[in-house]
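A single chain comes next, written as structure tokens; it is the form predicted alone.
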């Protein structure tokens, strides 16, 4: 029996909200934290899905923007907690504990970095694009390791979670609710973008660059804008992830994280609205339940990925609705 995709999407969101509500009633804060982790990873994967699902660009360096967002949060919060000045050349600041300000900074730096990186990487395609994004990711990773001012290889700890007006972010459910609302807003933006003329132009550039140019479109400019939007969303997720853990480290730039984001999208469904959300929930569930039995739980994740690639090209959503997702 096939299920309508809208029904699947609504069920996923209700389930994602219902689990922490149930955990709140039985006083299980750790379960709420797991749900928050799933929401943040889903948010990062939605950012990647902009260029992967709609634009057909496989980026193995998207952890760059996740790490930039995390370090933007860590550096600003660190200077606010230590009452030290952060010298940025043209001006200096004492940091901040305000989440909205941190998010704007994280998204701004991530978007600017995506613009610069995109100017170079988007001149290539296929395996060359994959390798050059991977190279940029490794550059940022080793730069973070050799940055002793902010912990180097050991990372940087933040002792108090940042503030959001009207909320006590140290309360697990309130922080979850904040992240959940942000995810819903970004999902709405993604849905509108995918159906907009810009989304259709990006999809046409994915299908045939030559045909897009024939009708007067500029594939490079369209992909660059998508890359910037994608980087900004992933940077926001990085800032939230750092706040969740109250810790940032060079592993936020690792290529393994970039690979995991791609896996989340493939499991849920490439180009699907709720694909990243389903993938993130399954990933966190496997990590939690199987990780307690064996450190090789990734084997089971690999088997699921293999089964989906071979028998369900549309991911979990495609399996339920009988429709394949976007082809990359």
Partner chain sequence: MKLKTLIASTAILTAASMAQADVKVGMITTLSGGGAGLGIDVRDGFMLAIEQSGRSDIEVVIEDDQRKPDIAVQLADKMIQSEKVDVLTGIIWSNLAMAVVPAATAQGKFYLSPNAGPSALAGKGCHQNYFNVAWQNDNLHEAAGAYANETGYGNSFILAPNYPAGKDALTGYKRFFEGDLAGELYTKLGQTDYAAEIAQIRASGADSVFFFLPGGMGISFLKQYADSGVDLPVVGPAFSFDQGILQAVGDAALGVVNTSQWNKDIDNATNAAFVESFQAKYGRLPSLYASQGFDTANLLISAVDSADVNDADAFRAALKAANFDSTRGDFAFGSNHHPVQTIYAREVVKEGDVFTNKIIGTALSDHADAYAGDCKM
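Everything numeric in this text was worked out from a predicted model, so none of it was measured. Definition used throughout: the rigid core is the maximal C-alpha set that superposes within 1.5 Å between two forms. Numbering follows the first chain given and starts at 1.
The protein also exists as the form predicted together with the partner chain; that form is not presented, and the subsequent description refers to it.
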Three-residue site 97, 164 and 168 fully in contact with the partner chain in the predicted bound form at 4.5 Å by heavy atom: no
Note: the partner chain not shown here; in the predicted bound form, the stretch from 103-111, 187-195, 242-250, 214-222 having heavy atoms within 4.5 Å of it is 242-250
Quick one: from 86, 229, 145, 182, grab the residue that has a heavy atom within 4.5 Å of the partner chain in the predicted bound form. 145
Since only the chain is shown here, I'm wondering whether residue 152 would be in contact with the partner chain in the predicted bound form (any heavy atom pair within 4.5 Å). yes
Please check if residue 204 has a heavy atom lying within 4.5 Å of any heavy atom of the partner chain in the predicted bound form. no
Quick one: is residue 34 in contact with the partner chain in the predicted bound form, heavy atoms, 4.5 Å cut-off? yes
Would residue 157 show up as a contact with the partner chain in the predicted bound form if we use heavy atoms at 4.5 Å? yes
Of the residues spanning 17-35, the ones with some heavy atom within 4.5 Å of the partner chain in the predicted bound form are 28, 29, 30, 33, 34
After the core is matched up, is the C-alpha of residue 301 off by 2 Å or more between this form and the one not shown? yes
